[in-house]
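Form predicted on its own, single chain, as structure tokens, below.
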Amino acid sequence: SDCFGRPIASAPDAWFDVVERHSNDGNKTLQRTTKTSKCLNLGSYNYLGFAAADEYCTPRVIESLKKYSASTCSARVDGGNTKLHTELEELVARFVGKPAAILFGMGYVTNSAIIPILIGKGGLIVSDSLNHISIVNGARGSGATVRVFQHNNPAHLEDVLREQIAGGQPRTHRPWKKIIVIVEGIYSMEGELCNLPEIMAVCKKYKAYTYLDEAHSIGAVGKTGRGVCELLGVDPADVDIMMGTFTKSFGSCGGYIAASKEIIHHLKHACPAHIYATSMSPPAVQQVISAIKVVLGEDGSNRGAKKLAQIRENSNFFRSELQKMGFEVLGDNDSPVMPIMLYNPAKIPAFSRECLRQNVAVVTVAFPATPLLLARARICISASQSREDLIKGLEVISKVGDLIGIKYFPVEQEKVASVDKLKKLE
């Protein structure tokens, strides 16, 4: 239990303060101390570095807090709709390239509450086998028939669609009322990019609707931060439903759905999460507005472009160095999420504790979030981290990897030496 739920005492920037805890009963219970350790942050979703104080965002957030208070204390349809909410919806729609958008106060709820409104009994959901639990729960709660295709495999998706269209609904064999294919832009436990162009081609062929979850990709990938559609050359107009969150790249909370005006109109009149839930906190809304404007360059500077270039450079550098050291690293280039495979569950606490002892904070992932024997440490890279920070993290992870035996591939000495060279150059 000491490897999870660690309290922090500062903003989740490149470095943050982790509260030290102790136990007198073998970690059955943990007591906080007054001491903190300054640790390199390799676990938080802070891809563009907006989670800490920002010269453009923070003053505007403080101003919105004074003007609107911390909460609207009401749902959007009652007294919780401010001009900030409307402005963010319009900005998100423009940013992702869709006609309209709707906001929600929580990323998880965006999936789990929206999917049952889009499809119900008599419909078919075809879901990637490694989709997030919010998608899984939303699909289960919809009442629609759910079929799963092999992870990121367009050929198997086509086989599933062909078989289901030919067979029709269970028992009656009537045609499906609606078919939705659900995928993610970047898979949060794998760090892999979606094979979106091939999947879109299959969906067009069989006239299935597409639902794209860009929680980890919006703002983090693409030349201008517009996600996997921009990165992989897919027209956003071809994707029917685009979902994303404000937690990962924009330093806030909540989520959005971007789609046609007709779909958004329907959601605003039918979705309980919009009708009954308290609206997003105004300062949180302002944080997203300001962050997106920085990314778009509408703050009058080129800081957004620099952040996007930095997250790509940091991610690709860290991934390549880990691979050279002999670690098994999942995912694709440009992805800021890079899982290091541990496999043996006993190595989870060993890796986590030893990294923390050397002032590197990492997130370890175990069952039930992953299969029992596929435990991993999930590294999340930020644009706020310098090359010196990354080299420090690599040095510690390399030492810990040697100590607990998780370098499953041979190490190429001449390649690993590049880290030492870079350190000397710095």
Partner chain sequence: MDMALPIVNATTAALARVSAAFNAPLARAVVFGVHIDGHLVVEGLLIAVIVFQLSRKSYKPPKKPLSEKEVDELCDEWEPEPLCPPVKERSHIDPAILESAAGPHTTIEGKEVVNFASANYLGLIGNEKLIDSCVGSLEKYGVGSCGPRGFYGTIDVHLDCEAKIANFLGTPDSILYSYGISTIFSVIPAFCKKGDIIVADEGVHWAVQNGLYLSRSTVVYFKHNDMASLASTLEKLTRGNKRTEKIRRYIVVESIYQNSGQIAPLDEIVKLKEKYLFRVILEESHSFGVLGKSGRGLAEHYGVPIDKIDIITAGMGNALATDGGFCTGSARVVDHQRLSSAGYVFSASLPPYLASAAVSAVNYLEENPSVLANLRSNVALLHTG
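The structure displayed is predicted, hence computed values, not measured ones. Residue numbers count along the first chain shown, from 1.
The protein also exists as the form predicted in complex with its partner chain; that form is not presented, and the subsequent description refers to it.
In summary, among the residues T86, S301, T172, N344, the only one with a non-hydrogen atom within 4.5 Å of its partner chain in the model of the complex is T86. The partner is absent here, but in the model of the complex a heavy atom of V362, alone among A383, A375, V362, V396, sits within 4.5 Å of its partner chain. Considering its partner chain in the model of the complex, the lone stretch of 293-301, 307-315, 329-337, 205-213 in range is 205-213 [heavy atom distance within 4.5 Å]. When its partner chain is considered in the model of the complex, P272 lines it closely, a heavy atom lying within 4.5 Å. Its partner chain is not shown here, and in the model of the complex it never comes within 4.5 Å of any heavy atom of E354.
Among residues of the shown chain, Y56 is not one whose heavy atoms approach its partner chain to within 4.5 Å in the model of the complex. With a 4.5 Å cutoff on heavy atoms, K223 does not count as touching its partner chain in the model of the complex; it lies far away. Residues of 165-185 that come within 4.5 Å of its partner chain in the model of the complex, judged by any heavy atom, are I165, A166, P175, W176, K177, K178, I179, I180 in sequence order.
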